[in-house]
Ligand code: URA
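Okay, here we've got a single chain as structure tokens, the form predicted on its own, with questions on binding and movement later.
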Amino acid sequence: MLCPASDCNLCQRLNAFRHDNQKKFPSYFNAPVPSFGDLNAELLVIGMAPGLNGANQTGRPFTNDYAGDILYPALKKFGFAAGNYGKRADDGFKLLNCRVTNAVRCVPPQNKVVADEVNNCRRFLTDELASMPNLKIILTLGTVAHNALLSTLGCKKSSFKFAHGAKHFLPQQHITLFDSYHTSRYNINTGVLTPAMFNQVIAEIRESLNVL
């Protein structure tokens, strides 16, 4: 199963928060957010979790979220997307040879996940990876996504330490892992990450795919 059921109750805290949001925001998607993009893609981007007024509202990862304002234009600039990103699931924006997902599929309170929630959602990331036959590169946005991926693949975290711009080859999986700071509003506003820094990572991914 690539995505939890709409009434998933694996995580008590997230389930309760989802029910609260269904009452507060009845027009929102308010369910585990499915991945976006083709399973035949060579690139998978993994974030942390949906934003309350972003993917939790629209039902598409990073959509109507500030993080998507950085992510999606960068993907388009380097040929991984086409169309106009209109911050809506029905905007016609398409990913090319790229798929986007999150380590945790439900929106967390205060935009913070806990270890049990990452662990509970790991089964869906496992299925995601197994369903992508052409996968060559994974980009993790932030340490939560980075560590979730390594745990899912059974890799030692000490052997593949997170750092912005880092590039790791995972020999058993024949996959290259790229790291970036998350494209969150906080990281951009504080200067931890700039659009230029993020674009450089996507440019390196494009170059790597061109020579694989």
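What you see is a predicted model; the values in this text were computed from it and never measured. Note that residue numbering follows the sequence shown and begins at 1.
Keep in mind that the form predicted in complex with the ligand is missing from the display, and what follows is about it.
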Testing 44 to 52, 24 to 32, 155 to 163, 172 to 180 against the ligand in the predicted bound form with a 4.5 Å heavy atom criterion leaves exactly one stretch, namely 44 to 52
In the predicted bound form, does N102 have a heavy atom within 4.5 Å of the ligand?
yes
Quick one: name the residues from 58 to 91 with any non-hydrogen atom within 4.5 angstroms of the ligand in the predicted bound form.
P61, F62, D65, A67
